[in-house]
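Just one chain follows, in the form predicted on its own, and it is written as structure tokens.
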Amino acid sequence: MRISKQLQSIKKIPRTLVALIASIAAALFFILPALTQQPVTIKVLIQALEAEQLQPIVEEFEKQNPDINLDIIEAPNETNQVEDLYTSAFLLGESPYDLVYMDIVWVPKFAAAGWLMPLSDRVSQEELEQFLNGDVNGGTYEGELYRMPFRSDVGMLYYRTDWLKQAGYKPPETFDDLVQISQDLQSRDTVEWGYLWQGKQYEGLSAMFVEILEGFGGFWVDPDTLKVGLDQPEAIQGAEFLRSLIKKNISPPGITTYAEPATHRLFINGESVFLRNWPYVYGLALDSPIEGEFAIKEMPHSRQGSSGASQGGWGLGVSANTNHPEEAWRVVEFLSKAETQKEYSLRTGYLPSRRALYTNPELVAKYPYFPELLKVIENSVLRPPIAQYSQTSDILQRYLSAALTGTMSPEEAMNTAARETRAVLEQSK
């Protein structure tokens, strides 16, 4: 009897109210779990300096993607230390990082080890064509894309326009031109040093030497055949050329201890005619005593070789053992898109990896040299994209350093480097 009365009372409730109650109940059924669900956390390890620079981008990403928490773990600013941290994390088992922020030379090693997720099926060829060729090629291993480009980098020649003009010289096209101009201006007491470059035993030495190899028509390791060219005449000539710069006092004796900062400081202080370095120096020199008195161009070369700019740059790969591949890819997409790269470049001066941004009006208004940079960066060369790159680079650094410091002759050093490189490659087979 009680039940029938309850049913009668329910029948008296307006149908619209019943429908409203039902709608609210359904909404709560579906929405409450979403509201109580915690955002997915995507972790990535990045150098402390750049992690700070990326913070505004992280905030914007999380604003547009409230279901993802992008957690940047700060790492040392030394590139080699960051690589070691990533390597250790993967070797110890399940890496805690969902994304890998990679220097271009890490890609073959990480991909060959199975630490990265292939990305080719996530991005169209049409989309990839919007990026600089060197950046895309540097993110590819054995035909598969493993790293999406974020920011680019490339080696180039800086020179003093005022001194060359006063002495009646055009910018050097060949190594001979560079030597002649340097020695002439030094003999006039215009400047103390002719040419500055990175001669310290570290990765920067390898990056610089690929430009010398290209300039003499030589090669380091052919990635397709694994043929080694360090003991070929062109490579030996390259080592002899660098050694001669020191012996002739065109470059300072201490050049064998110089990395990028030491060389750019000397150039900006007016102590050298020429400098080999990366694009970051341009921004520093614009706000220095040599403002308006310098320019950039592609690297010089020998008469039998061609100009080549060492390709650098950073990008993102997805860890093969991430539990959140779709969310990780959304981060990669966000950092790879044109608007993100433009805003980051405007804030930092770093080079974007998208070709069209080098002529973007906002970027060119702030960095008038970007169109010039595009000419240089389109002429880039890669360090050997092989899985054993770390070992081969270490070998080259040690023996090239021995040649530069005079503890071995350039020929002996290059022959030994070639022999040890072949042994590493053969062992890996």
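Throughout, we count residues from 1 along the sequence that is shown. Throughout, rigid core stands for the largest set of C-alpha atoms superposing within 1.5 Å between the two forms. A quick note: this is a predicted structure, and the numbers were derived from the prediction, not measured.
Separately, the form predicted together with ligand GLC exists; it is not shown, and the next lines address it.
Checking 240, 83, 327, 260 against ligand GLC in the predicted bound form, a heavy atom within 4.5 Å turns up for just one residue: 260. With the partner omitted from this view, the residue of 193, 216, 314, 220 that lies near ligand GLC in the predicted bound form is 314 [heavy atom within 4.5 Å].
Contact annotation for the candidate site: 231, 392 and 420 all lie away from ligand GLC in the predicted bound form (no heavy atom within 4.5 Å). Across the options 232 to 240, 292 to 300, 195 to 203, 170 to 178, residues that bring heavy atoms within 4.5 Å of ligand GLC in the predicted bound form belong to 195 to 203. For the chain shown alone, residue 99 is not a contact residue for ligand GLC in the predicted bound form, no non-hydrogen atom being within 4.5 angstroms.
When contacts are judged by a 4.5 Å heavy atom cut-off, residue 79 counts as touching ligand GLC in the predicted bound form.
Among residues of the shown chain, residue 104 is one whose heavy atoms approach ligand GLC to within 4.5 Å in the predicted bound form.
Taking the partner from the other structure, ligand GLC in the predicted bound form has no heavy atom within 4.5 Å of any heavy atom of residue 211.
Taking a 4.5 Å heavy atom cutoff to ligand GLC in the predicted bound form, the one contacting residue in 383 to 405 is 383. Put the two forms on the same core and the Cα of residue 397 is off by less than 2 Å between the shown form and the other one.
The Cα position of residue 288 differs by less than 2 Å between the shown form and the other one after fitting on the rigid core.
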